[in-house]
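This document opens with one chain alone, in structure tokens, the form predicted on its own.
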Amino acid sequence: MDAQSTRDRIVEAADWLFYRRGFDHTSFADIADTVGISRGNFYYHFKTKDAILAAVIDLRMTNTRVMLRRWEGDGQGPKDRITCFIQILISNQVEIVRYGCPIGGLVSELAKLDHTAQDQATAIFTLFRHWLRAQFAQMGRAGDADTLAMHLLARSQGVATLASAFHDAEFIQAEVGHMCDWVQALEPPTNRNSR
């Protein structure tokens, strides 16, 4: 196994464990055991837990950018792209019901720890905010695009938190329907009639 693939496996394992157990409750040994490598091999790639955290945040940011580019490349309109964002609650509902939102959970935990990486984790939310704002602006809502983007981010985070608290996948499905209806109602009639 080459060095890069070992490093990638460490980061993927850390990402998985940070989401399910939390950053603070995941040890080097937990990650090394999950990957199936020795402590020495582990320390060759990462000297500190903060270095692993930085790599996990980079991975999540990269994956988010790839997902947003894929939605952009699908050639759909802004309403359909916003709907893709909302639908990730359905795509990930099994894990959300069990563990909450991976981004929201990490940002909240880092805030409680007063960790220096909180701003880097929050940057993923900022990426979503800017992307949603652009979509709402393209829908003809440039004047309140940022407010709408923040509202949708807040609502999706609330849905993830409550679905996890109550272990309720049906709640996610119902709320996704309401959010999609809300986005549909925001689309100016001229956009709807031009299809």
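A residue's number is simply how far along the shown sequence it sits, counting from 1. None of these values were measured; they are calculated from a predicted model.
Just so you know, the form predicted together with a further copy of the same chain exists too; it's not on screen, but the next bit is about it.
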| message | Which residue, 138, 64, 41, 161, is the contact with a further copy of the same chain in the predicted bound form, using a 4.5 Å heavy atom cutoff? | response | 161
| Considering a further copy of the same chain in the predicted bound form, which of 120, 108, 76, 83 comes within 4.5 Å of it through any heavy atom? | 108
| Which single stretch, out of 65 to 73, 47 to 55, 33 to 41, 165 to 173, brings residue heavy atoms within 4.5 Å of a further copy of the same chain in the predicted bound form? | 165 to 173
| message | Although the partner isn't part of this model, could you tell me whether residue 153 comes within 4.5 Å of a further copy of the same chain in the predicted bound form, counting any heavy atom of the residue? | response | yes
| said: Taking any heavy atom pair closer than or equal to 4.5 Å as contact, tell me whether residue 24 reaches a further copy of the same chain in the predicted bound form. | reply: yes
| So in the predicted bound form, does any heavy atom of residue 113 sit within 4.5 Å of a further copy of the same chain? | yes
| task | Check whether residue 9 has any heavy atom within 4.5 Å of a heavy atom of a further copy of the same chain in the predicted bound form, and answer yes or no. | result | no
| Members of 116 to 130 lying within 4.5 angstroms of a further copy of the same chain, judged by heavy atom, in the predicted bound form | 118, 122, 125, 126, 129
